[in-house]
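A single chain, nothing else alongside it, follows as structure tokens in the form predicted on its own.
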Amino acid sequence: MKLANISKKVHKWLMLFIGVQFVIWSVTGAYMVFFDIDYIHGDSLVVTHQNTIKPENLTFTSSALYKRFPNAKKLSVDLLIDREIYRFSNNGQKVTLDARTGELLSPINKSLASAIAKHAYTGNDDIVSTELITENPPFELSARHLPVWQINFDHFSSPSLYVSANTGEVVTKRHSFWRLFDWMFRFHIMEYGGESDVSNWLLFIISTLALIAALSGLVLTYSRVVRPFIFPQKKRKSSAKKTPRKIKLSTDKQS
């Protein structure tokens, strides 16, 4: 019983200290499990068009390209909406070129970026805003994608497609449920400093205390529920002596 009493005190004070975090873990964990991860990643926002590159449309030859850009590397042929393009790296800068005319498409202008996003977007919603981001990207966008166009659509989930200003590719997609998921994940791993790092000391300390609280709760469960059920205590017999009942004897009077 001494162990049970110790466990009771440990469990009570630990849960008083970390109980709020237990609630946060439950709520955030439920949110992350409830939503399909592919939907959270925004895979349903974009469609992959199965278009075929036509070699006869590559009228601006690769030899002409190398003559114009002698330092070109990592050359590839792709489609941009409905036209063939060249993508390559030139002196560390990503370049996009029209494969028919040799027209330099990068940096992608606003109208072309909007057309690319509209072509990739699965819905029929209108574009509400288009903004070029060259520095200080929002938390949902990696700085390695800069410069990039942010195209926002008119939908209750506030979807956004990010189109690279250099390559014209949709580099990432976001919506309100992803943004909320990101905050839920931060709260779940107790990263209150702004970086999603699962190796932070606060999470380690609280998780250790939570484990101790759980073990002490198991001890209490055993001592108060399991043990009395398996080993029920027998009722003690009363040692008090019963007092004999007095019997009144009635005698008939002789007349």
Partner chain sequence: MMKWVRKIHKWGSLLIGLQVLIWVISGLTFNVIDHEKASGNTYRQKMIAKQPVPSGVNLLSVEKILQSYPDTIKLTQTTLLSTPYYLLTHKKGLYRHLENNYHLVNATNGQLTQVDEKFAADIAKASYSGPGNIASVTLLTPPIDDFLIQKNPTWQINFSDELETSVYVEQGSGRLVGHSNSDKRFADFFFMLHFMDYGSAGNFNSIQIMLFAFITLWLTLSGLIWTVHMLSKGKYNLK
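Keep in mind that what you see is a predicted model, and the values were worked out from it rather than measured. So that the term is clear: the rigid core is the largest set of C-alpha atoms that superpose within 1.5 Å between two forms. Numbering follows the first chain given and starts at 1.
In what follows, reference is made to the form predicted in complex with the partner chain, a form of this protein that is not presented.
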| item | value |
| --- | --- |
| Phe139, Asp182 and Glu191 each touching the partner chain in the predicted bound form (heavy atom, 4.5 Å) | no |
| Candidate stretches 102 to 110, 122 to 130, 153 to 161, 168 to 176 - the one whose heavy atoms come within 4.5 Å of the partner chain in the predicted bound form | 168 to 176 |
| Trp149, heavy atom within 4.5 angstroms of the partner chain in the predicted bound form | no |
| Contact of His41 with the partner chain in the predicted bound form (heavy atom, 4.5 Å) | yes |
| In the predicted bound form, Lys74 touching the partner chain (heavy atom, 4.5 Å) | yes |
| In the predicted bound form, Asp98 touching the partner chain (heavy atom, 4.5 Å) | no |
| Interface residues of 23 to 37 toward the partner chain, as seen in the predicted bound form [heavy atoms, 4.5 Å] | Val23, Ser26, Val27, Ala30, Met32, Val33, Phe34, Phe35, Asp36, Ile37 |
| Ile24 C-alpha relocation of at least 2 Å between this form and the one not shown, rigid core basis | no |
